[in-house]
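Next up: the same protein chain in two forms, each one alone, written as structure tokens (structure 1, then structure 2).
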Structure 1
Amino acid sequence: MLDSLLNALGGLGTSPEMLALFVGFGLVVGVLFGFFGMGGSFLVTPALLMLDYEPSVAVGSGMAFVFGTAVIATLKHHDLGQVDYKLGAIMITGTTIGIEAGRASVYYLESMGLAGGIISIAYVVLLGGVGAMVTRDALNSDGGGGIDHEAADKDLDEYEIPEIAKTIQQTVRIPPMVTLRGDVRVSAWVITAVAFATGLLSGFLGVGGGFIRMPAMIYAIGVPVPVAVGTDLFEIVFSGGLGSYLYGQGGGVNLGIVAPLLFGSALGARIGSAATAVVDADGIKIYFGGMLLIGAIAVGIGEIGSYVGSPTLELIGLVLVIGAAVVVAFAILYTTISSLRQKRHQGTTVTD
């Protein structure tokens, strides 16, 4: 048993340079996750694909990383009372079936030799789509994309249910109906459908699915933002755990990748989360959207490089995807420290 763990560890085969790279990348991903409440984790799988890991290892290890990150974040949200366990339990059922269907399709495509290409294309579409949406929102208004940090301070009853959610609640009244936190009453089938669709993406791409599930919970189910965030994380613990277990059985989880990534991201998430108390997220949201768009282009370039057999293009793709994440993480840190110094300077001036 220990032998297999050491094999899975792969740590003995992971060079110090790669360990340092994974810790550093984990730190960057953690800062993004802690600050925006989403985003960083779905950069891991494409980066691993570009580092020439097998698609099942890239997706499996990406999912195991998401699982570890979700455990840490859920512990924090549980302390804040922002987890709806009833909603979480129903979501878990739908997501489990979705993940399994997604995972089966990865292995099926891998047996046909198409997995790497199709997963990369799906990433290009997904990152491009979400990136464009977040950038548009950031340019147009102060809403959309990521967590509304100020919203976390409001009472759950004070939240307005979005119009789309109200319509869904009034039209889809197939029993059993369930009452959720914040006095939301919705059909269990709506919750299950949302869970299945996002689980499918989760299993196929090795992502937590939070960046789709969270807006879906808010707009399709109508739960308050903090409850959506907390419950989503609670659900990722189970879906990510199960997904990692299934990939692990097929040898798809490499602890030599996951452990250093987690080591860096746990620290980064604390820094990113602390930064939200100082910096207005809206100002940086545009960088986040830009990062996703660059990530989409990078995966595309890497895939073309792999198709035409050009290592230079593959390297450019890798540098772009990691570089974009690093730039945004540094922008957050720089803005945070600058804001703190400015506040302190203002405080000193007032005192004088």
Structure 2
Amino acid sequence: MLDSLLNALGGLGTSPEMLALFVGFGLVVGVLFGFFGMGGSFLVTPALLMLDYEPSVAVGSGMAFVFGTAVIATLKHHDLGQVDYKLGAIMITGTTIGIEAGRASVYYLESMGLAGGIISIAYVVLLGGVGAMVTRDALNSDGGGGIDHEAADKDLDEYEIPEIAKTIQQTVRIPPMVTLRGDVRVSAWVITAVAFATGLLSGFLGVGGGFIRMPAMIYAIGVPVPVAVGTDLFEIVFSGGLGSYLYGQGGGVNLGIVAPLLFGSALGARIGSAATAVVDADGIKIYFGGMLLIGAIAVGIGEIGSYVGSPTLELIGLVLVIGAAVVVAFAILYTTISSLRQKRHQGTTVTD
């Protein structure tokens, strides 16, 4: 069966070596996607740009991959009770408008020959900035963000809203006000603004918007971390589906890229989603921030290599992108397994 699938994928015009790379990369990225509510085209799009795919193809194929992986991961988060459908539904309208604006910007810049460079620079700035903010917040935390899904509602009620989110909630009181999971009450206009901004980035960078939307849900809206991850994935199902459809109409989706990535991510997304039930909230933030910082460095090196015409620097950037995904994915798996063993040992001790 596997041979038949690989032959079918090979018929899409992708070499066996690239098929193996995309399947393996898809597995790793699937773990990150399920764990963070992002990580798909945040890594895939820069990698495709470094492999000399056209910007529209890199972005469009990234969006298609995001859509497929988000469907898989959302189903698992739904089972864990980590999806706020009210929040997700409100965000869809703003995200839809933002995606179309971002997509139009990519094709305009591409016609001027500027798309690849500007997209890469935007990645570096956003990944580095968001990564530094999230990592600093997690390291400064006093800990105790554990997630016990047998008492999920109790944990959400006790979730401490970040000071930034508290300020926004107290300042922006424009009706209608919405009550979200974790007893968070916020103006629907704040949610819409976050949705439009992340939709714009989604359409422009070829991402589901997760690496900016997940922190935005936490720090701008005040949503608990596990719910932010699950709801982000639910919203990405729609934004990724719309984005890939729009890019597909313009020939921007390469199935020879998307199919093997999804084949690998199908298992990875389920594993990553399940890991959020074990790793505490601060642990998720630290892994998330570190992933973004490494990604920013990798994209920056690759872009410098492209600008000065150095294949070596471009290769280093590509290796860092893939290596960062592999290292963080294995770190997540190691932490998850260690936590499960510790809980099993504690359970055995109590029984004895």
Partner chain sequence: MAGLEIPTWDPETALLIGTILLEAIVLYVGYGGLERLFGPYLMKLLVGGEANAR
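FYI, numbering is relative to structure 1, first residue = 1. As the structure is a computational prediction, the values presented were derived from the model and not from experiment. Rigid core (definition): largest C-alpha set, two forms, superposition within 1.5 Å.
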Name the structure that is the form predicted on its own; the other one isn't. 2
With both forms fit on the core, has G268 moved 2 Å or more by CA between structure 1 and structure 2? yes
Rigid core superposed, CA of A296 - does it shift 2 Å or more between structure 1 and structure 2? yes
Please determine whether the C-alpha atom of Y123 is displaced by 2 Å or more between structure 1 and structure 2 following superposition on the rigid core. yes
Can you give the C-alpha shift of L340 between structure 1 and structure 2 in Å, rounded to one decimal, after superposing the rigid core? 9.9
Cα shift of V321 between structure 1 and structure 2 after core superposition, in Å? 3.6
